[in-house]
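In the block that follows, a single chain appears as structure tokens, in the form predicted alone.
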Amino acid sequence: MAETSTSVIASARPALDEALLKAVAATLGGDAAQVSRRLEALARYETAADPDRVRHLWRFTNPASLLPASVAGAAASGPVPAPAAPVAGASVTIDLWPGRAPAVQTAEDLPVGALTFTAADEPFPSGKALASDLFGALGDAAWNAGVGLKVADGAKLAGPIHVRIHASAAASLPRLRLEVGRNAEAMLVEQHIGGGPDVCVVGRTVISAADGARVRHAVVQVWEPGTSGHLAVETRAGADADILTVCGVFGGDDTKLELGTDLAGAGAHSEIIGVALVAGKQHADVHTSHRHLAAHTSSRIDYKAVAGQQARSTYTGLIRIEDRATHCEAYQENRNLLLSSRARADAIPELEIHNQEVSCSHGATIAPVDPEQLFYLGSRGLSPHESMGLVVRGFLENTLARLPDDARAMVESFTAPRLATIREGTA
């Protein structure tokens, strides 16, 4: 009798126990409180239901392929990696490696008291619990690289907090925690790099934006081939908070990226802007969620994906507006461009609206490159590959133009190599 999907997922779960989690905590200098939180997460991990592959959220990606085979409890061996030079213009540059303490490089002009470090898994003052699903519980219990950050009330960081997360272990489980105080401003750049054959990453980022805070967050994945992973970002916006989330999926083999924002305070605004460029047999599966929990909140999603060769792009997006969240505005747009007859894309936009005093809409398209555009460019002397590159660039332009200058420069630094392969005919 063939195994069911559920039994396959269950058998793929890495084994965890109390001794292992204490060993993981010890490698990072965790105190008794951290060990206690890990053991609480272990109980949730052991009882967490397998992702339901019948529901569309997991229909296109097998969760078993995103789980590490095992989790190491011993400290990373070998010499401590030397961090690269700090990122130009960053207020803080942080390097995270599995099994090691964070390497922090702070700019000289960072004001005293503007930014403090906290435990990566310390609960927020609001008491908001982290996700209790399978991947969330695994990360809460066994995370092996992480940092917690707190921006003081009213502080405005001149440069971004740039975190380079190195997938240098077979099981890399990073976590970030950012708390931005009242009327404070901060930008967090989360850059996932490294990896290789049989490397698996399970990452979680949790952000809390207090009333009036302005937060810019970029999560960019540029893993090496052979890497698979599940990345989740949970954001909570207080009254009149302004959130911008930028996501980019470029590397690895199989990626599941989940971005969820709760607009919890009146007047909060959230915007998600995303780009994916995949080729070969890559699969990028992105899920976004905006939950409007308070009145007079607004949200917007603009996500574009380009798939070439035999690659696949999957997008599911949910806008949920609760009963009490009146006078809200929400918009969701997903566009997919296929460069090959063998490339695939899936688009599932969803609206759940529980009151009538809202303005809400969505749009989604999946289409191949327009041959008339290629013909026009070819008639101007461009080669087919050069024409294709220009079409893809034009497809992304409106989305990239919505980014702040610093975020756009970073995203374009990752899109440029892929666009070059398209122009050269190797994508």
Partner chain sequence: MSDAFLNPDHPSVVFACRGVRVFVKDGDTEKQIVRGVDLTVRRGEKHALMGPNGSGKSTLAAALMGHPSYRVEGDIWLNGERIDTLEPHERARRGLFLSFQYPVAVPGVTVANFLRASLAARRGTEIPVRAFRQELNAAFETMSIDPSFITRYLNDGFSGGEKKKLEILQMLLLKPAFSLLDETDSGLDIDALKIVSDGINLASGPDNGLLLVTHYQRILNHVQPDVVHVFMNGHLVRTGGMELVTALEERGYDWLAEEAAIPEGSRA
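Computed from a prediction, not measured in an experiment: that's the story for all the values here. Numbering follows the first chain given and starts at 1.
Keep in mind that the form predicted together with the partner chain is missing from the display, and what follows is about it.
- For the options 28, 382, 39, 48, the residue carrying a heavy atom within 4.5 angstroms of the partner chain in the predicted bound form is 382.
- The stretch in contact with the partner chain in the predicted bound form, judged by heavy atoms within 4.5 Å, is 370 to 378, chosen from 370 to 378, 64 to 72, 30 to 38, 355 to 363.
- Using a 4.5 angstroms limit between non-hydrogen atoms, residue 390 touches the partner chain in the predicted bound form.
- Taking the partner from the other structure, the partner chain in the predicted bound form has no heavy atom within 4.5 Å of any heavy atom of residue 60.
- Heavy atoms of residue 386 reach within 4.5 Å of the partner chain in the predicted bound form, making it an interface residue.
- Contacts between 388 to 418 and the partner chain, taken as any heavy atom within 4.5 Å in the predicted bound form, involve 390, 391, 394, 395, 397.
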